[in-house]
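Single chain ahead, written as structure tokens, the form predicted alone.
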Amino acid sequence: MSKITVSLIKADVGGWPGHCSVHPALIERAEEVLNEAKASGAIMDFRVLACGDDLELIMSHDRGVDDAEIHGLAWQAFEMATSVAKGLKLYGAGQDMLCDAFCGNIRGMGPGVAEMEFTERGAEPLVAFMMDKTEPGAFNLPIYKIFADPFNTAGLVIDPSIHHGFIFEVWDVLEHKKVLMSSPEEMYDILALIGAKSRYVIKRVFPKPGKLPADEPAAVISTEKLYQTAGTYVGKDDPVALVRCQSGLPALGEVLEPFALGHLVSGWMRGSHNGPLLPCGFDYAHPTRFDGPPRVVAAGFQICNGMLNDPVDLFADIAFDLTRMRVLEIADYMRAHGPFEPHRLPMEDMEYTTLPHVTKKLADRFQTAGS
């Protein structure tokens, strides 16, 4: 059976208003571009969604990952949407479009990318996670719990098809290196890295040899860091992820369960604060309180012959209501700290925000301290 590819590519091309939402006209323009591509056969299917101020393109095709035509199509959709954003005088129009022209691959040009190529199974559930007001490391905890924590994923204990664990591909985003690590054998070593979520991020998770092809990922996360491309702070990275479920992989409920915590992530206002991650339905993915708290939405697809079909709004479930209430209480507590850590990020992380422009003017006033 031939393989299919699912590409989830996102960009902030204009906020409505501020950093809150995506204007419907931007979604409509992107849909027009992708409709033409579907009619021409360039892609099989697509959906255009939004999380916060990020425009999210989900495309299925048979061209593999890092395909120039698919990436060029996404770039074109973002360019057209940016043109609309500028016409509407939306905030930060084209914010994530950090290069003047497409050069064959959208990676490193501003937008975030999560792509996976795999052989479609008899039933192929897939979850597209989209976050706003945070960084790629925000996925470290939930992805680890999905694929390595038996207290989260019962299948790791009772399902023979996943009992032997998974392979984690971890990236050092500062040194631009990666390492493959095996769970459960290297569980503690994996945690030693990914607990430092600003530097070490999970990029992919692979099944071990068995029921599924070991070279086809079970999960993939965008790891693009905007400040590394732009050379200065232009906004948070707002990562995305694709996670396959069931039949030799964690069940759908096990994939969603880690988000019931509302764990602390970096980002929020001006990309400079720690706060709880709020899982919500798409109708509530419009962060306004202190530009937050950070949000995550989940679109569930049942892929059929490459067609995505209509997504299920997975976090709209009332079972996450208590999580949301807890997140709001934590948000109150964190906000009460104002400009103090741990609400504000530590200085080493603030180096990539706008704070250095403030502290630079004080540099010459410091004197050697006496006893």
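In this text, residue numbers run from 1 along the sequence as written. All of these numbers come straight from a predicted model, not from anything done at the bench. Basically, rigid core = biggest C-alpha set you can superpose within 1.5 Å across the two forms.
Absent from the display: the form predicted in complex with fructose -6-phosphate. The rest refers to it.
> Would you kindly say which of C245, A299, V84, M269 lies with a heavy atom within 4.5 Å of fructose -6-phosphate in the predicted bound form?
Selected option: M269.
> Heavy atoms within 4.5 Å of fructose -6-phosphate in the predicted bound form: which stretch in 270-278, 122-130, 74-82, 138-146 meets that?
Flagged stretch: 270-278.
> Even though the partner isn't displayed, in the predicted bound form is D291 close enough to fructose -6-phosphate, meaning a heavy atom within 4.5 Å?
Taking the distances in the predicted bound form, the answer for D291 is yes, it comes within 4.5 Å of fructose -6-phosphate.
> Even though the partner isn't displayed, in the predicted bound form is Y352 close enough to fructose -6-phosphate, meaning a heavy atom within 4.5 Å?
Residue-level check for Y352: yes, a contact with fructose -6-phosphate.
> Taking heavy atoms only, is H19 within 4.5 angstroms of fructose -6-phosphate in the predicted bound form?
Yes, H19 lies within 4.5 Å of fructose -6-phosphate in the predicted bound form.
> Would Y91 count as a contact of fructose -6-phosphate in the predicted bound form, using a 4.5 angstroms cut-off between non-hydrogen atoms?
Answer yes; at least one heavy atom of Y91 falls within 4.5 Å of fructose -6-phosphate in the predicted bound form.
> Once the core is aligned, does Y352 move its Cα by at least 2 Å between the shown form and the other one?
After core superposition, the displacement of the Y352 C-alpha between the shown form and the other one reaches the 2 Å mark, so yes.
> Closer or farther: the CA pair M269/E351 in the predicted bound form, versus this form, with a change of 3 Å or more?
Compared with this form, M269 and E351 lie closer in the predicted bound form.
> So the CA-CA distance for K203 and Y352 moves by at least 3 angstroms in the predicted bound form. Closer or farther than here?
Compared with the form shown here, the C-alpha atoms of K203 and Y352 sit farther apart in the predicted bound form, by 3 Å or more.
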